[in-house]
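Below, in structure tokens: the form predicted on its own, a single chain.
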Amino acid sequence: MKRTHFLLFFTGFVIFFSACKHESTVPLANLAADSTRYKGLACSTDSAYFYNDVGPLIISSCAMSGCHDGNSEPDALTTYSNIKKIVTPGNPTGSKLIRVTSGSGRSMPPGSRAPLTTAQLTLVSKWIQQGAKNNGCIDKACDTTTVTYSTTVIPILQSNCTGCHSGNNPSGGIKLDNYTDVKTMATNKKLVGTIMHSAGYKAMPPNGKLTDCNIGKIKAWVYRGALNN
């Protein structure tokens, strides 16, 4: 009888715990988290999201080998908790992240790597202004019918890849900051294979995965001829 009571109690506890742990709308601890956790959370053009945009951008631009990857610097900028240490929620101009990535005092990204674009800085500032939340969303209105290299592929690569794959010493010797090299990766199937984390390809980005929408957009562009449009 006691064994029966124990089993009933244990089963009830497991059900209760399982139900509770999914209640948070900001469950992301790091960028390797499963994006299905955001099921039902539709993207809004009025909001900036850490999981979808800001996190991947910071990882690509700041957490490359030799920088804030956890080896050369103690605090790897690959997690929400560490990235939040260098921002002041609600105050973009007072945040270290904005100071070191913009203006005359820019020191990141380092060396010959391209600085964050005006649009990227605006996005990060918007995220900080809105509270620097550990948030994400699912793009339910993902458009893969009108993709182009200039308006679709370049922004995705800039936010997720070119922080490492640009400059005079790109990671793995692969540059993704110009059309010629991107097309080469597209036509030899490595671009789609790596972003889909397919068997036989090196998974990229290394600290997470592009959203299903962004993967779909790049695949659509590749399969339509990888045009310089």
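Keep in mind it's a predicted model, so treat the numbers as computed, not measured. The first residue of the shown sequence is 1; numbering continues from there.
Below: the form predicted together with heme C, not depicted.
The putative spot formed by Gly172, Met204 and Leu210 is fully lined by heme C in the predicted complex; each residue has a non-hydrogen atom within 4.5 angstroms of it. Among residues of the shown chain, Lys190 is one whose heavy atoms approach heme C to within 4.5 Å in the predicted complex. Looking at Val54, you'd find every heavy atom of it more than 4.5 angstroms from heme C in the predicted complex. Although the partner is absent here, Ser166 lies well away from heme C in the predicted complex, with no heavy atom inside 4.5 Å. Contact check for Met185: a non-hydrogen atom falls within 4.5 Å of heme C in the predicted complex. For the partner-free chain shown, nothing in 84-100 comes within 4.5 angstroms of heme C in the predicted complex, judged by any non-hydrogen atom.
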